[in-house]
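Below you'll find only one chain, the form predicted on its own, shown as structure tokens.
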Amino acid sequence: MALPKLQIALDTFDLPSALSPLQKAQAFIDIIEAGTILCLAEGMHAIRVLRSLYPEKPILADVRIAEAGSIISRMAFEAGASWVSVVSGATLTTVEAVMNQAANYGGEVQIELIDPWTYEQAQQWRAMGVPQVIAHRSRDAETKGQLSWSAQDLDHIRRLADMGFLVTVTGGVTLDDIPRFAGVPVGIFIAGRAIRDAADPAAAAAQFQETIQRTYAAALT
């Protein structure tokens, strides 16, 4: 089992407020996410700036494609995105169009698993070559006030990883959540506010990295 990577979600209303915490925490960040809000507020300019500043890091354009997949994904890849996100409700035709653009630009596609989705869909995405999925904590659990990840959530992650997906975990992930995933094949943890809004973003990101390493130490030996 590989050590999970740490992704920062930059969901801000302007580029300066995204760049400030990123510049402080970047040494401890593996993947940069231009969040949906930032992409809507700043457009592909945000991707271009992030790529120019951090040429060595993977950048996710979290554009959550639902249709017009070929056009939107091409815009993101041409701006410098490494990966783009597609919502699970998108048609297979749209997913295929995005996959084609990803192949043209050497990028990758993530399916954002927004309820409802099925394992039949997941099998179809995998058969098309989709390499990544993004798993959220159960929406029903959040509605009921469940602040932790359930056994069912963890089972979904295991099953998706068994299907061959790299699984990203998101949904208000905190330091206290990480140990819950011990032994669970998570590929990437996303932290947004926990790093972005911290008094010391670098220290917060370092704590995430330390907690991830400690949680997965047994699996790596």
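All figures in this text were calculated on a predicted structure; none of them were measured in a lab. Heads up: residue numbers just count along the shown sequence, starting at 1.
Below: the form predicted in complex with a small molecule, not depicted.
The partner is absent here; in the predicted complex, the one residue of 29, 59, 190, 167 having a heavy atom within 4.5 Å of the small molecule is 190. Of the candidate stretches 66-74, 155-163, 47-55, 172-180, only 172-180 has residues whose heavy atoms lie within 4.5 Å of the small molecule in the predicted complex. In the predicted complex, residue 9 approaches the small molecule with a heavy atom inside 4.5 Å.
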